[in-house]
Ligand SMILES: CC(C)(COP(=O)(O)OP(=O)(O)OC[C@H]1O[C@@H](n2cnc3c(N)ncnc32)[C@H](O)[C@@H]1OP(=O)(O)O)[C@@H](O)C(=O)NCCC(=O)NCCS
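Taking the form predicted alone, here's one chain by itself in structure tokens.
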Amino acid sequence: MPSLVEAVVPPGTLGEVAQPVIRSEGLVLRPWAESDIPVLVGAYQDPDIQRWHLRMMTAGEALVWVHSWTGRWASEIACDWAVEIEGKVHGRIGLRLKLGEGFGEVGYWVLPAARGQGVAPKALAALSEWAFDEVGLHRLELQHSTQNVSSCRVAEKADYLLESTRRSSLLHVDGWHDMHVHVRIAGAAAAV
């Protein structure tokens, strides 16, 4: 059935080019590589990453995960980057995409040794600028448990406004959590 509204970002905008490396403020956002498997396995052993991302990962699963991003990028449904500083992975950031709607949903984590150093807000700001300026998305949002105070601060530092609270929205290991929804619209300036 034809849409009465033109796609915000036309099909083929991303899938026909290589996933970019994004550089900003000493950070490098780059596609995942097989050499990152030990970092991924270690990250998903961290209790905080497990708590908020509800995942564990073996080396075999990490290998499949790393290779899955090529297809997701080509299909224009999602993209994910390793967040690197001076050649060392400090975290991850990614987007689930609905290009036709001009929409992306952000997810991220930072390794324990890099927390409190501004890595997540800087990565979020860099990814947001790329998504708005290079891709042409209109709206980005992120969700986190209302109990995840650190993620709330990350969103605020990258000018993601708190839009709503979704009550009893996501099942965690310890039960149902309310989720904050933070939003940034194209044209809003990041102040990291």
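Keep in mind that this is a model prediction, so the values were computed, not measured. Heads up: residue numbers just count along the shown sequence, starting at 1.
Keep in mind that the form predicted together with the named molecule is not shown, yet the notes after this line are about it.
- Heavy atoms within 4.5 Å of the named molecule in the predicted bound form belong, among the stretches 96-104, 67-75, 114-122, 81-89, to residues of 114-122.
- Distance criterion of 4.5 Å from any heavy atom to the named molecule in the predicted bound form singles out R153 from the list R166, R55, H138, R153.
- Residues D48, H144 and K157 are all found to lie within 4.5 Å of the named molecule in the predicted bound form, as judged by heavy atom distances.
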